[in-house]
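A single chain, nothing else alongside it, follows as C-alpha cells in the form predicted on its own.
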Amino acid sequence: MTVPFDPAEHPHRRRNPLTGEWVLVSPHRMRRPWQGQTEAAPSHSLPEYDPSCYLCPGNERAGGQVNPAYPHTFVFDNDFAALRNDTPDGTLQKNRLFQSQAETGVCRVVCFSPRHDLTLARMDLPDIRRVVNLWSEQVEELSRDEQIGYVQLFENRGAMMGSSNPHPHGQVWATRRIPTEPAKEHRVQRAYFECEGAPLLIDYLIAELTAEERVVIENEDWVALVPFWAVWPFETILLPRLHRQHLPELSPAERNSLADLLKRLLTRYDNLFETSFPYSMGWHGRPASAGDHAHWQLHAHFYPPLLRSATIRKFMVGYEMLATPQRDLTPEQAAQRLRMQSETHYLDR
C-alpha cells in the first residue's frame, strides 16, 4: 500500500518566494537523541548600571568619548565602524574573476535603554515605542544622503549571536549599494509585482492569514508568523497589514501596535525555554535611492538559533554550508509552540 505524503513526517523541500532559494525540511529527525554540543545556560543577574559597560550612561567609550546621561534611547557613530565616508572611490578589475569596489557608508550604535539589565522583551511599551521612533528617524535621516543606497537596521541579541555587550542595543549600517540579502528580495519582489500587479508580501500575508497554520500573534496592524520557508527552528517574520515600504511611513497608531507586537513576540521567545532568547533580527525596507519602489513591503526577520532548550542550538554546517539549508522542526510545529507561550514574562511571574 502506498503511504501518502505527509509534510509533518516526511522529508521535503520548501521554496522561499522572497529569494527563490530552497530549504530542506526533515521532521522525522526530531525523534533522534541529542548528543551534540550544549551551551552554558546564560545568567540573568545583570545590574541596572555597569560602571565597566561602554554603553551605559555617563561611561567612557573607546577613544575617550563619554556617553551623555541619556534617559531613554541614545545613538552614536560606531567607534569601530566597518564602513567610512572618507574611503576614496576606486575599483579593481583585472578581469571578470577579480573584481572589487570601494564601499562607503555610516555605522551607528543604537542604545535601546539606559538600563543595562533590560531587553526589548522586558522594556515598557512607551520605551519600546521610542526605539521604533528612533529606528524610523535613522532610516529617514540617512536616506536623505545621496551617497546612501540602503539603510540596514539590525540587532544581535546575546553572546550566542556574537554580541559583545549585554546592554540592550542594535546597530545601523548605511551603505552606498544595496547589500546582498535585501538585493535578492529587491529583485524578486519587483519581478513578482510586474507579473501580478501586487506586492509579494501582501499576497503572502493574505495566504498565511487564510491558512492559519503559522501565525504566532497578531494585532490590528501587524502579524508575526513563522514563514513557510523558515530555516532557523523558531524563525519569524513581522509584517504590516497595510502596504508600507519602509519604517518612516508608519502612522503613530502603527508604531504603537508595533511596540505591542514586539513585546508580545519577544516575551514568548523568552518563555519558550525560560531564557533571554538570543537572536539576530533586522528590518528590510525599500532602498534609500530615488525611484519607484512600489513592489517593496516592509518586514522584519528574526533568526534565533535555539533548537531544543536554552542550552542546545542549531548549527549551520556541513550540508547546510555546502548544499542547502536544512531544518528538523517544521514551521507549523514551531508556530504552535510559540503560540502556546504565555505573554507574561517568566521572570515577572
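Position 1 is the first residue in the sequence shown; the rest follow in order. Please read all numbers here as calculations on a predicted model, not as lab measurements.
Just so it is clear, the following notes concern the form predicted together with a small molecule, a form of the same protein that is not shown.
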- Is there a non-hydrogen atom of F98 within 4.5 angstroms of a non-hydrogen atom of the small molecule in the predicted complex? no
- Looking at the partner-bound form in the predicted complex, is V317 within 4.5 Å of the small molecule by any heavy atom? no
- Exercise: L238 in contact with the small molecule in the predicted complex, heavy atom 4.5 Å: no
- Task: Although the small molecule is absent from this view, report whether H169 comes within 4.5 Å of it in the predicted complex, heavy atoms only.
- Result: yes
- The single option of V109, L200, L134, I178 touching the small molecule in the predicted complex, heavy atom within 4.5 Å: V109
- Looking at H299, R313, R61, H293, which has any heavy atom no more than 4.5 Å from the small molecule in the predicted complex? R61
- Using a 4.5 Å heavy atom cut-off, are F76, N156 and N165 all in contact with the small molecule in the predicted complex? yes
- Look at the stretches 317-325, 61-69, 281-289, 301-309 and give the one with heavy atoms within 4.5 Å of the small molecule in the predicted complex. 61-69
